[in-house]
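Just one chain follows, in the form predicted alone, and it is written as structure tokens.
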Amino acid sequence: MTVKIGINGYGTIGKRIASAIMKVSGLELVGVVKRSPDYGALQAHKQGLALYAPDEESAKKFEKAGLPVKGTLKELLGEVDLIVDSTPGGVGAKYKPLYEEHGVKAIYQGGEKADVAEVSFSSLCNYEEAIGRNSVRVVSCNTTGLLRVICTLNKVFGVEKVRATIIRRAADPKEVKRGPVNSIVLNPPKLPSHHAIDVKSVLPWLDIWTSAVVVPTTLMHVHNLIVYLKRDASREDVIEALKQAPRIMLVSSEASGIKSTAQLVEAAREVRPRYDIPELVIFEDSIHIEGRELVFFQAVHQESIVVPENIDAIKAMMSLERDPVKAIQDTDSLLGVSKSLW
């Protein structure tokens, strides 16, 4: 069985999902939708990807630029089984009626509200809930990072409650119209931040509060977590549980010299395409526990962390793999997800 897939939105996330899809046996990337004939569209064309425009007006812009398009989004929807929507936040919901009209399954990203889809999804937490679904929302980069570690700890120790502070990057590296340039911005001033609400869209039972600030960096997000476990555990117990979990990478500053997101990215540049770090990075030296109160720092590469979850969502929705362990292992093997950057 070959599953035919289209991608609506070929930006930071869309292009990475496209690269991942082309590595998975049984998945065929039919085409990608770009709004403008920019350098991203030129690169997609050079790679041999079929380009589609969102509408006739946009198609004319491509023609004027001398860049051929195969058709419009509506025509792409007539050729695929599933569409991955990676348009800017809030845009996917506007396309939802069109996807439903064409009877196409749809994956949305975390920039959409939870009610856009039947299920909010995180592979390590609720893979089974996405099996056979018509619409799934892969939660945001920060929420993916939070859920990976919370569900890992809950499986081994049980989690009673979580308190987290999220230090957010201001923009992706390519973005030139976003800040702040010289400030730390409360995001938002009123608590909790939306991240707690998003986590509860997957784990409604969890007692969680989050706060967030935006700082002048483009590389990664950093979280400071306080996790209250349901039973006592040692630091060694926690480290071993994290080492055994998929999609979590422990980095020791004592062993590697890495104490910052800049150093993480520099290490990734040497060994990873686009310097992607789809793993959740936990700074091992920061792990501290007293009784049931666990504290640590973790880092999230916002450009790539949700890519494995998008591939898993496709597998679940199309019933290509019903076992979450096998699905995750296979995805990680294909995408080169590992435990180390060296």
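Residue numbers run from 1 along the displayed sequence. Quick caveat, the model's predicted, so the values are computed rather than measured.
Same protein, other form: the form predicted in complex with a small molecule, not shown, and the subject of what follows.
The putative spot formed by 11, 87 and 95 is fully lined by the small molecule in the predicted complex; each residue has a non-hydrogen atom within 4.5 angstroms of it. Heavy atoms within 4.5 Å of the small molecule in the predicted complex are found in exactly one of 203 to 211, 235 to 243, 179 to 187, 164 to 172, that being 164 to 172.
For residue 141, a non-hydrogen atom is located within 4.5 Å of the small molecule in the predicted complex, even though that partner is not displayed.
Mapping the unseen interface onto this chain, residue 45 falls outside it, with no heavy atom inside 4.5 Å of the small molecule in the predicted complex. Taking non-hydrogen atoms only, residue 315 never approaches the small molecule to within 4.5 angstroms in the predicted complex.
Shown alone here, residue 54 lies within 4.5 Å of the small molecule in the predicted complex, counting heavy atoms only.
Checked against the small molecule in the predicted complex, the candidates 299, 306, 277, 311 yield a single residue with a heavy atom inside 4.5 Å, and that residue is 306.
For the candidate set 150, 264, 91, 80, a heavy atom within 4.5 Å of the small molecule in the predicted complex is found for exactly one residue, namely 91.
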